Every structure is written in C-alpha cells, then in structure tokens.
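Shown here is one chain on its own, the form predicted on its own, set out as structure tokens.
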Amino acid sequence: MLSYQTTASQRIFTFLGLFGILLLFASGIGESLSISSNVLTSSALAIIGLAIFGYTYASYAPYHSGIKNNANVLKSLTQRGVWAYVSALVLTAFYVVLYFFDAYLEPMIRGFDFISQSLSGKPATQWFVYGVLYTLAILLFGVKFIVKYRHSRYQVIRTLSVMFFQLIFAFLLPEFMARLNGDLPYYDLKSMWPLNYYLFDGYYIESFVSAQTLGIGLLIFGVLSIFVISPILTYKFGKRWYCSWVCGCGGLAETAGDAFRHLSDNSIRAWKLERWMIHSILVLITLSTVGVVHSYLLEHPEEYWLSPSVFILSVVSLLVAVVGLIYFKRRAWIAKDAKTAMIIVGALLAGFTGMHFLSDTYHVFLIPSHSLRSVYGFFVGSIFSGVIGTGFYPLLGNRVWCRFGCPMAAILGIQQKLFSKFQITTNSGQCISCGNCSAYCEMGIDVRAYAQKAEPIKRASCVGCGICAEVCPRGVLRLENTSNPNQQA
C-alpha cells in the first residue's frame, strides 16, 4: 500500500502545535503553578502560531510555486483514516463543550480576559474565546493557504479578503462597538439575514432603536444588505463575493479546511440531498423570521408605523412576485422538479403567512413561531453550522454546512442561477479528463462533466473559489463575467 512520510521538520512542528493546544487547555492550572493564566494563554497561542508557520514553511517554501496537494489522498488525516476520525471526534467534542457545557472551560476562558478587557472592557465569555480561536484559525491557516497558492493572484487576493473581513468586521468592530456603545447588540456587520437569523428579533430591534441614529442606521443597513446590496453584488460577481471573499464560514472552510476539500461527495445522490436540504432550511428560517417579526408587531401595535397586517401582506406579495417571476421568466431552463418545488414553496409561504388572519398569534405548522425559531437556532444554528459544519471537516469535506445547510448560500445561489453575470467557461478541446477539477471541487460539482461537453458552469452551488481552474493542468477552466447574464448552464 502506498504511504506518505512527513519530513522531520513537519513532524516537529506538528508536535509543537499539539503541545500548544494542550497548553491552552491547561491554562487554568496556572495559578496552582504560580503562573498567570494570561501568560499561559499567550504562550499557547504563540506556540500554535509558530507551529503553523513552521509547518507551512517546511511544506511549501523550499519548493517552486504551484499546486502541491502533497499526497492528500495518502495521509490518514485527509483520507478518512484513523487520525481523521480522532480529529473529528476532538473537534466535535470541543464544540459541544464550548456551546453547551462552558463551565468546564471556565479556567481556560479566564485566560482570555486580558484580550477581552483590552478590546471591549468586559471579561471574556465562551463566545469571545470562540471568536478569538475562529479568527486566529482563519488568519494563521490563511497564511498557509497564501503560501501554497502564492502563484495565483486571485487566490491570494480572495484569501486576504476573508482574513480582513473576519478580523475587522466579524471580530474587532463588534468588540469596539460594545466598548463605545453598550446598548448595541453584538453585531457582525457582514453577517446578514438569513445567516444572521436573529437580526430582526425583538431584543435586537429595541436595542437598535434605543441607540437612535447609529442603531437605526445599522438596522437600515441590514435591510438594504438583503434587498439591495446582495442582489447587486451577486449580479456582478456571483455568490463568490460573499461565500469566498467575505463570509467567515467560507473563510474557515477555505483556509483551515483546504486540506479536506477533496472529501466532498460529488455524487448525484448528494446533489439531490443538497438541493432539498438547503432550500428546506431556507423555507424554515423565512417562516420563523416572518413569524417572530409579526409576533413582535402584535405585541407593540402602537410603537411602529408598520402594522402586523400590512407586514404580512407585504411579505406574501413579495414572495408571490418572486416565485411568479422565476416561473414565468425562467421556466424554459428550470427542471420540472424545480418548478414543482417553487410552486410548493410559494404556496407554503403564502398559505402559512396567511394564517395571521385566523389567529391573533403567528403559528407555523401549529407551532408558535418563537418555538420554531428556538428549534432552528439549536439544531441548525448551533448543531449543524457549528458542531457538524466544522467538526466534520476531516470526514465530509470543508463545505458541508455551505452545501447542505446555509440559507444564505441558498438565496445567493438562486440569485446566481437567475441573473448573475458570473460563470466558469470551459474549453473541451484542451480537456484530458484527468478529473482534478471534480476531485477538488469543495461544493461537490462534477466539473469535468461540464468541461467535456464544453458547457459553462453556472451552478447555484458554485462559490467561485477557482480551485478547479488552479488544479487544471491544461487551462481548460476560466472564471469570467459574461456579458449575457441570462446564458445558463
């Protein structure tokens, strides 16, 4: 059996990284050793960073630039071997403890107090620790990704982009905002609805309104992001503007998860499951969000100019208009099952939002909307996106959440398929059917099948990462903005 042997330098830096992780978890014993937990935490993070930089240098710097997957299909960690299952188990266990049993991590959390105090002026929480580790993972593995793909200007720029947005918009700005205006809720400016599914909760709305100009401005920005900014950017650049250049989930998948991208299932069965799961979750969060807002308006009938009835009628009208336009303007290229799905979705949304006229509270499938939102937040927002979406990188690939669960990806995918100028063009005359493009597509798209038929790729699931074009030895694939956005794959 073929095997892959790591170099001595790689092994040294791997063990150094593991030591740093153990030191991080052991930071709570600092007091018993008369060592400050802040010192242990700082030392642990520095050691982890040094280990990643050292491993990166040992793996890529001594060699010429170019794609180097370095026997990914032979390593236990990246080919569902023993180390893959061990890593998945450890990552999943850490997420579960951090999310639901944070008391066990209290000593480690206290080690992050000095960072939190310097930014927001508040003690660290489990979510602050999560944010620090998440941001460091994107920054450190982002450097690794840039060194690996240093020959590609596109890959370097988009990686710097996700590093910037994660560090500034997702991590630093919310902390500074908490220091300057404590009434504002923790708000990641780049995380729009439905990914930020709590944006229109009553608590958030009241916090924004009470903050007056700044808060109302942020609320308006959140609405404009959904209905104006997102469609315009998707029209010009495809969903890659968010999924590959801005999104934190995508940023972690592209950097820390790069080594696992070839594990994504590209079977027809997985594609069918993906379509139904991601759009079902989109329907669920839409229904629950409308219900939460409607219930809030019912509880505060005199405070806002928007009445519950007008809100519901506006939502129904918008959904009917969108579904109608999709059906009548694009029915020539929409598959029969997709037509049926849109009709069902439109009928469900219109029908259940219309239940307002039968009751003084909002229910979905006879379930109170707040309860439905809570269920969504637990199973989708926490378990799926966090525990499974990241913990299962070594088993299911790096984009399992983006493929099967992210409602933001679903909306952007619909927009990309309908009217975006972005597509990947192919040149079948140069294709040698090596299969690299399909093997390394993190979204499970059979790119080779398109290339062999010389068809442009404009799949709703494509995030425009461009790795398929990078690993192609013949230059068959090209990321382009076509002048005819109605041209479909």
Partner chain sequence: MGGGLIGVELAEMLHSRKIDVKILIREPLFWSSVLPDTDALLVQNHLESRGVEVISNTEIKGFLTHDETRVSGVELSDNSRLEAQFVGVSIGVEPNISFLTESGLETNQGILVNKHLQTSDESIFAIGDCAELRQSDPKRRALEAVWYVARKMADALSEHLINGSFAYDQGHWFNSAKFFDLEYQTYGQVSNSSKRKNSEQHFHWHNPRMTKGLTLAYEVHSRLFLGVNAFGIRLKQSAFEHWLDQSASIDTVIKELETAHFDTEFSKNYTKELRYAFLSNNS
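It should be emphasised that the depicted structure is a prediction, and the values quoted were computed from it without experimental measurement. Numbering follows the first chain given and starts at 1.
We do not show the form predicted in complex with the partner chain, though everything after this point is about it.
Taking non-hydrogen atoms only, G66 approaches the partner chain to within 4.5 angstroms in the predicted complex. Under a 4.5 angstroms non-hydrogen atom cutoff, the partner chain in the predicted complex has A71 among its neighbouring residues. Looking at Y154, you'd find a heavy atom of it within 4.5 angstroms of the partner chain in the predicted complex.
Interface membership of S9, defined by any non-hydrogen atom within 4.5 Å of the partner chain in the predicted complex, is ruled out. Contact annotation: of the candidates A439, L50, A26, C431, the single residue with a non-hydrogen atom within 4.5 angstroms of the partner chain in the predicted complex is C431. Residue in contact with the partner chain in the predicted complex (any heavy atom within 4.5 Å), chosen from F112, Y376, W401, W245: W245.
Note that among 419-427, 455-463, 439-447, 37-45, the stretch whose heavy atoms approach the partner chain to within 4.5 Å in the predicted complex is 419-427. The partner is not shown here, but in the predicted complex the stretch 455-480 reaches within 4.5 angstroms of the partner chain through a heavy atom at A469, E470, C472, P473, R474, G475, V476, L477, R478, L479, E480.
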